[in-house]
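A single chain comes next, written as structure tokens; it is the form predicted alone.
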């Protein structure tokens, strides 16, 4: 009899886990309320970030903390009523961002990140030419307003190249203008990260991987993950077509994972960073050739099939709080000063939640007190990047194979 697994969550991580389990002979069912890729995977910046070997630390300089505390920036917005519930995980995030602890955690983060291009390429090539064509070798650019902000970023880039083989090139104002002639601003410095892949339609890539899983015999169903229950030695969940049972279950629910696992006694300190996006056309013959993040502006502009995607920074709020896209309202006039944007192509912005853990590492592995249950969540800003790598690693663990990277840093029991 083939081994069986229910995967809760049909984002990039869940679909990738399903593909790797199916390749190992598992009977796989992926369950979600929505169709594949319609959660956080839909609204990311569309980057497969081979350069992101150093995770995003919590700010530690008092000046920067005070600036964010004013709640008026484009980078960070928060709901005051959400802060009491976020205080402990954010404090642990700050604690883990101390230099010595951060350096140790960065090693484990980088161990996964350096595999992301090869793992995505393998799935995209198996999915077919249309999927592979979505992976554009454009890299992305970060722009700097002055030498004071550019120098430490350049030093970090040089370290990433020396330690992890990360590719980049430093640009001056003329080099940036040549690469992006339609930018309306001039910046004296930029870093062009050359390794990352820019995905022209993130949702289409998840769907391509989902179609591959379906062709290989995996199944998809709509249903509520919160119906998960023990069934003898295995697990049962209710789908729109009725109950389904399997020997094992994988929790790949992103920011909603803890709401499920705590029912079974495991309550990781998971918290969410909300983000928004809208698409815009460009007027005249203007073109944006690369994804761009302007460091002073605090937002990203990404060339996509649907138009130029304006993505915001971080919003801290309760998971069920109504959208408050104030960062988009702050960002749009600045973005129009940078590029000749036309009308927005959606009436309402998209909103999603990045699932974060306070040590900046995901949970990948067996869940404490839940025999036959496995976790794959907490990837923060890198779920889209690390989906295939996570899928391979977890499938190797579940199948009893030798994992291709050390698993200890990602164990669920560390909390």
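Given the structure is predicted, the values throughout are model-derived calculations rather than measurements. Positions refer to the first chain, counted from 1.
A second form of this protein, the form predicted together with a small molecule, is not displayed here; the remarks below concern that form.
Taking non-hydrogen atoms only, residue 12 approaches the small molecule to within 4.5 angstroms in the predicted bound form. Remark: residue 383 counts among the residues lining the small molecule in the predicted bound form, judged by a heavy atom distance of 4.5 Å or less.
Taking the partner from elsewhere, residue 375 is found to have every heavy atom lying beyond 4.5 Å of the small molecule in the predicted bound form.
Although the partner is absent here, residue 299 lies well away from the small molecule in the predicted bound form, with no heavy atom inside 4.5 Å. Here is the short version: of 279, 192, 256, 290, the single residue with a heavy atom within 4.5 Å of the small molecule in the predicted bound form is 256.
Proximity to the small molecule in the predicted bound form, taken as a non-hydrogen atom within 4.5 angstroms, holds for one residue of 154, 214, 130, 226, which is 226. Partner contact region in the predicted bound form: 218 to 226, out of 218 to 226, 67 to 75, 178 to 186, 96 to 104, criterion any non-hydrogen atom within 4.5 Å of the small molecule.
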